[in-house]
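First, one chain by itself in structure tokens, the form predicted alone.
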């Protein structure tokens, strides 16, 4: 039986590589994105490699496009085996500089987007008595950093949601997997958003942290590594609840385990501000 995968946010980065990796594993893959005009590159690769991959529109912020995409897949294939909730973005800005609209938009995509697609797909998987939902979180879903409280809060929320989903869905044969990448080598600077008031008291810390993270991104883990981890997880008979990707993510999480809260806070300050 042909396996069907749906990947959100497939126009670049982790979603792009994951959609291709799933298609290369034999899944008929729906690579979804808000603007299908951005699907030219993935379409060209799929055509060249003769992959079963189709680009379709899906904006995780909008109920209708989510339901339309799921309805199309069900009409064509009558099943969904894998959902990868990848769509998201990073908003930089200290809390005082963020508007309520900034915060709500961050959660709308990063958190409620995953809720929206999961709620559309879960009944299908439950009726099938099988399926895997992969939620792309971040090391920032376990560790707070300055200058990105909106992004970090959305990922903390996604972690809690995923843990609850595991309890609720496992009796129906549905796996829920959390992926926690560190800094990934993607088009980081072009896709990030920043909110900072002209007279911000946080101008120096904001610019310093953004510069540091952008430098880390240049040396970051390739998105292909995240895709490989996702493939490994969904092919596993008993997948783990969480998979950490990237040496930086492992380093930060191990340090958090080994240190007291105050020790870890000082460690983060040193890592971010020592240069």
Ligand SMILES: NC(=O)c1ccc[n+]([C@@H]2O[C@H](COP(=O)([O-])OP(=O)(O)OC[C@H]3O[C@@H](n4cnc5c(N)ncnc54)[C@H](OP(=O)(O)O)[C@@H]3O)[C@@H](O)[C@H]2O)c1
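Predicted model only: the values in this text are computed from it and were never measured. Numbering follows the first chain given and starts at 1.
Heads up, the form predicted in complex with the named molecule isn't pictured, but that's what we're talking about next.
For the options 178, 87, 83, 147, the one in contact with the named molecule in the model of the complex, meaning a heavy atom within 4.5 Å, is 87.
The listed set 38, 52, 208, 242 contains one residue whose heavy atoms approach the named molecule in the model of the complex to within 4.5 Å, identified as 38. Annotated contacts: 12, 58 and 184 all touch the named molecule in the model of the complex [non-hydrogen atom within 4.5 angstroms]. Of the stretches 134 to 142, 198 to 206, 159 to 167, 120 to 128, only 134 to 142 has residues with a heavy atom within 4.5 Å of the named molecule in the model of the complex. When the named molecule is considered in the model of the complex, residue 107 lies well away from it, no heavy atom lying within 4.5 Å.
Mapping the unseen interface onto this chain, residue 151 counts among the residues with a heavy atom inside 4.5 Å of the named molecule in the model of the complex.
Not displayed here, the named molecule is approached by residue 34 to within 4.5 Å at the level of heavy atoms in the model of the complex.
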